[in-house]
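Before any questions on how it binds or moves, here is one chain, the form predicted on its own, in structure tokens.
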Amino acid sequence: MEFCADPSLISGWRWLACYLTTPKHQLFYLSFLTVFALLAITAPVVLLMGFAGAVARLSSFAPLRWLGTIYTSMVRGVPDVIFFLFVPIALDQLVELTRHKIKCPQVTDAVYRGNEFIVCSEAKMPLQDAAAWVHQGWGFVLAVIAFSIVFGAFAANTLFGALNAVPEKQLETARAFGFTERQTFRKIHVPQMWTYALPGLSNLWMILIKATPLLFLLGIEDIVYWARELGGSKTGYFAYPHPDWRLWYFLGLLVFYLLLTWLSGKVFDRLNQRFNRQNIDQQVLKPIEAGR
């Protein structure tokens, strides 16, 4: 806007309009997409890892069953924030160590030197001269992995309980109609499971939403980062000086998360009502008749 050329000469709504359309505020608005991207990418990965963990715990193959049990128990017994901080650091160092071995075989100095982790410049991930968006993107990938590992374990417990909650008589009926164990699992066990899994998965989704501000702890410029950055007091050295407005910025984030969880709750309520309206006998007989 033309009247924003000199902020010191404007006031009132014009000053506010110019203030809210600065480049930093545009980055703040774009950072909301970071939250949605994290949820959109992490949710299906969490479901996939959760299903794999639940199936592993049900496996008759003992090593696979032990692996599933160890994974879900280990993650469930450790505070989430520790995994959110440990996994990105561990993965980042593992990638850089691997690159260091490949790209700099001539360097014989130890990588771990006291409290420091030092690799050659060619092994840095990303490279030091990479664009800022590359560094942000790499951090985001590490965050997705960390969230997926933690919430995948919780999803595995939820799905494991849901699989065990399916009445055994329904599975026996499928076997009586000549279904193999694999057909019974795919056509009867899994479809019936969702009725029991949805309440737990809805709670897990809410927790995942509330955990997204942890991106700030991982050094990602998310909505919490920009709320703190923009809301802090600005002196006359800045184009738009103002007192400490962090309260208002975080109040806006509060409203955003309340709306997001409220809408999510409505969606899951509709899904629960849909599953509850269906007759269990019809859910069993239809796939059986279709498979005959």
Partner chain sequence: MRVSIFCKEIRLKNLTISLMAAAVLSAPAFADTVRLGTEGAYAPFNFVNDNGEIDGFEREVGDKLCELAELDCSWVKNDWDSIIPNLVSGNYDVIIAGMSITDERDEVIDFTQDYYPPDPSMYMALAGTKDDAINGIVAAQTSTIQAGYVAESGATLVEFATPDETIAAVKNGEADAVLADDGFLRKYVTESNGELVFLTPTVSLGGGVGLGLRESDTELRDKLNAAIDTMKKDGSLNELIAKWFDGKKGGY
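Positions refer to the first chain, counted from 1. Note that this is a predicted model, so its numbers are computed, not measured.
Although not depicted, the form predicted in complex with the partner chain is the subject of the following passage.
Novice: Taking heavy atoms only, is Phe238 within 4.5 angstroms of the partner chain in the model of the complex?
Specialist: The answer is yes: Phe238 has a heavy atom within 4.5 Å of the partner chain.
Novice: Does Gln128 reach the partner chain in the model of the complex, with heavy atoms at most 4.5 Å apart?
Specialist: Because a heavy atom of Gln128 falls inside 4.5 Å of the partner chain in the model of the complex, the answer is yes.
Novice: Any chance Gln136 has a heavy atom within 4.5 Å of the partner chain in the model of the complex?
Specialist: Close contact exists here: in the model of the complex, Gln136 approaches the partner chain to within 4.5 Å, heavy atoms only.
Novice: Flag Lys24 as yes or no: does it have a non-hydrogen atom within 4.5 angstroms of any non-hydrogen atom of the partner chain in the model of the complex?
Specialist: Yes, contact at 4.5 Å.
Novice: Give me the residue from Leu208, Ile220, Leu163, Leu201 that has a heavy atom within 4.5 Å of the partner chain in the model of the complex.
Specialist: If I apply the 4.5 Å criterion carefully, the residue I get is Ile220.
Novice: Could you check which residue among Tyr225, Phe51, Tyr257, Phe32 gets a heavy atom within 4.5 Å of the partner chain in the model of the complex?
Specialist: After the contact test, the surviving option is Tyr225.
Novice: Quick one: in the model of the complex, does every one of Cys4, Ser8 and Thr261 get a heavy atom within 4.5 Å of the partner chain?
Specialist: Looking in the model of the complex, the three residues Cys4, Ser8 and Thr261 all stay beyond 4.5 Å of the partner chain (heavy atoms).
Novice: Where, among 34-42, 51-59, 243-251, 66-74, do residues come within 4.5 Å of the partner chain in the model of the complex by heavy atom distance?
Specialist: Of the stretches listed, the one contacting the partner is 243-251.
Novice: Can you name the residues of 68-89 that have a non-hydrogen atom within 4.5 angstroms of the partner chain in the model of the complex?
Specialist: Leu85, Pro88, Ile89 sit within 4.5 Å of the partner.
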